[in-house]
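Have a look below at one chain only, the form predicted on its own, in structure tokens format.
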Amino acid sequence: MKLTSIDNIKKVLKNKPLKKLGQNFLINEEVIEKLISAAEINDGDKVLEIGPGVGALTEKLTEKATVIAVEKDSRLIDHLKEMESKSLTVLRADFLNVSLEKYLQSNYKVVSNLPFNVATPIIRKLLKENPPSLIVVIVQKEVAQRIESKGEKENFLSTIIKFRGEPEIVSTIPKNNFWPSPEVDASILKITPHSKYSKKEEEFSNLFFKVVEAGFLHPRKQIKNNLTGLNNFSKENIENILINLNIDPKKRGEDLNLDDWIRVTDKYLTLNKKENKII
């Protein structure tokens, strides 16, 4: 069965795609080949696929790699289970609730056509819990451009990605390569881990994610207001911390670069240890 055929996708679904699950199925095999090529799949690689859909990408991945495919839509599970083999394990689950360490200890890759509506929390989970050796995913074009940009305003996702790795747009995928066609074009985004902050202890990394998350919690608020949510430091304490770091307390999260967030986290960690606080 050709799994990039719209007619075959409809047969497997036996219903309409679910917009709430962000279902836009790949209907171009060339895009699948680009994904796999960017992921540099070698024989014996372990690959995590999130939202395999009808399995068009899954089928190709299993030719070389051992794949764990996590699918939330119960309508697709029977079909995907029929594809199971020594090279493929299918999990029916919401990926955001899956324990990565239970299934993938280390040295695995992520190759996926991500649901656009949950791409941010998925990537956040991957980078925070058990970072893979490589991430190659399809996301909205504008999201990918914002992540890859240098010297411009940042957002939460671009900041945590650059903390863990180097983002690169492999190619743009016009929206007509999907069914149903989304409202916007997409991009293949490749995230290659770097070792720039590998010497940072786990405690620092955990705190970094919390600091950045707090800083972007209310994007239009000033950074001094957002950061007061982390612990019982007063707004005045936060202002003094930022001023001492040469960061304007009136800036918003998007105005800070990665180095700023590293310095803020270092300062928080020092103060927390000094005052025996737990964040």
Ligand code: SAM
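A quick note: this is a predicted structure, and the numbers were derived from the prediction, not measured. The first residue of the shown sequence is 1; numbering continues from there.
If you look for the form predicted together with the named molecule, you will not find it shown, but the lines that follow are about it.
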item	value
Heavy atom distance at most 4.5 Å to the named molecule in the predicted complex, all of Pro52, Asp73 and Leu114	yes
Interface stretch in the predicted complex with the named molecule - options 188 to 196, 140 to 148, 161 to 169, 94 to 102, non-hydrogen atom within 4.5 Å	94 to 102
Close approach of Trp261 to the named molecule in the predicted complex, 4.5 Å, heavy atom	no
is_contact(Val118, the named molecule) in the predicted complex, heavy atom dist at most 4.5 Å	yes
Any non-hydrogen atom of Leu21 within 4.5 angstroms of the named molecule in the predicted complex	yes
Any non-hydrogen atom of Leu242 within 4.5 angstroms of the named molecule in the predicted complex	no
The unique member of Leu26, Ala39, Ala65, Leu227 whose heavy atoms fall within 4.5 Å of the named molecule in the predicted complex	Leu26
Residues within 4.5 Å of the named molecule in the predicted complex, restricted to 27 to 47 and counted by heavy atom	none
